[in-house]
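There is one chain below, alone, in C-alpha cells, taken in the form predicted on its own.
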Amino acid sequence: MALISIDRERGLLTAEFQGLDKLWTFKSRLEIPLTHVRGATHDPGIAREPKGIRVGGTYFPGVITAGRFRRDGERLFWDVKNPDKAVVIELADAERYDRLVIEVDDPRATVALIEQTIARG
C-alpha cells in the first residue's frame, strides 16, 4: 500500500510505499511532477488485465503485483495486493512510467485529491 500526497509548492505527486511494499517494489517512494499527471481513476478490474513483462519487482498471481512492468510499449509501475483498492494514475511525458497502478487506503479520496489538484492547474 502507498500513501499519496501532493506538494503544490514543489509541484510533486508523491507515492510513499509502506512496510514490505518497499521491498516488493524495490522503491520507497516515487515523485512525479504534477505537470506529468493527466488523471486518476479507481479501477479494481485492472488487476485482471495482463501485466506484461516484469522488468523489476514481484509478481505472484492473485497475491501481489509490485514493481516495473512493460506491456505493449507502455511502462507501468504496480503496487497492488488488494485490487479493490487499486488506483490508476495516468501520466504524460513522464521519464519512467506511463501509468502507476497503486493500492491506497481510500481510493475515492485519492482520486478526488488528484483530480482536484489537476483542475486547479
Partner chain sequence: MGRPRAFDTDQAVSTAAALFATHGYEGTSVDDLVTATGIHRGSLYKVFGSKRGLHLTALRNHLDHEIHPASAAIATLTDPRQALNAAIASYDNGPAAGLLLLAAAERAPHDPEVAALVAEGITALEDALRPSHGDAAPQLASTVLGTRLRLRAQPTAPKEH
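What you see is a predicted model, and the numbers here were worked out from it, not measured in a lab. Positions refer to the first chain, counted from 1.
Keep in mind that the form predicted in complex with its partner chain is missing from the display, and what follows is about it.
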Interface check vs its partner chain in the model of the complex: of T41, T35, N82, S28, the one with a heavy atom inside 4.5 Å is T41
Applying a 4.5 Å heavy atom distance criterion, does I46 contact its partner chain in the model of the complex? yes
Can R54 be called a contact residue for its partner chain in the model of the complex at 4.5 Å between heavy atoms? no
Does the 4.5 Å heavy atom contact test between R10 and its partner chain in the model of the complex come out positive? no
is_contact(D105, its partner chain) in the model of the complex, heavy atom dist at most 4.5 Å: no
Can you name the residues of 64-96 that have a heavy atom within 4.5 Å of its partner chain in the model of the complex? D72, G73, E74, R75, V88, E90, D93
